[in-house]
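In the form predicted alone, a lone chain appears below as structure tokens.
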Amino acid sequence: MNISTSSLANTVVVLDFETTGLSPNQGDRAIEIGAVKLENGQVVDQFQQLMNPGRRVSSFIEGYTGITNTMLSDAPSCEEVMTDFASFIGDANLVAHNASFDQRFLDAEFDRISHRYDGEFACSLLIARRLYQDAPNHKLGSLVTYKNIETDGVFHRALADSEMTAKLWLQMLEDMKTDFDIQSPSFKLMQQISKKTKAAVPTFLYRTGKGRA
């Protein structure tokens, strides 16, 4: 199958948000964005920026993320940062761990600047649940340990989490190559895996590995 570079699973932007809470529908805002740009399985660029949500964050969020109100007081506005981030991602496909969370905030923040992106999302958490069914759980930190992925131990900061998610994503692609002979998986294939039942995944991947990735 002839797969264009833009549709390959190893050419994506991996992103992570830190936020004031769980739901933009309840008024929560982004306070940090981190992202790693992969091209042909190599990190070629990264993006990290704190952003001022226009109100104070709770002591819980300060403790959870290490991002304080003092740090945010001099940060640029969400609108300014997201305008820059829109240029960074272009029309790339996007990956996040627990992607529904990050997609909600990306959509909400982009709505505020009237921006629409052309890429699609894939969730590394959902895919990991299907590829690594023996893992103790599928939290990012647990999977990093489970797969012996090198880490500096920093989590719950946007760039660190996006870097770890990118390493996990590339590990999954490598394991699919080793275990199922899928040499160049498409982004669409990764999306398909996330929607399969756990029981159906091995047969699906074995069939895919016969040159139909």
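Keep in mind that this is a model prediction, so the values were computed, not measured. Each residue number is its position in the shown sequence, starting from 1.
The form predicted in complex with the DNA is left out here; the points below concern that form.
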Candidate from A122, L131, L140, M82 lying within 4.5 Å of the DNA in the predicted complex - any heavy atom: L140
Residue (of A86, L126, A108, M71) lying close to the DNA in the predicted complex, criterion heavy atoms within 4.5 Å: L126
Interface segment, criterion being heavy atoms within 4.5 Å of the DNA in the predicted complex, picked from 168-176, 183-191, 61-69, 43-51: 61-69
Any non-hydrogen atom of Q26 within 4.5 angstroms of the DNA in the predicted complex: yes
Contact label in the predicted complex: L22 to the DNA, heavy atom within 4.5 Å: yes
Distance check, Y117 to the DNA in the predicted complex, heavy atom within 4.5 Å: no
Partner contact for E163 in the predicted complex: the DNA, 4.5 angstroms, heavy atom: no
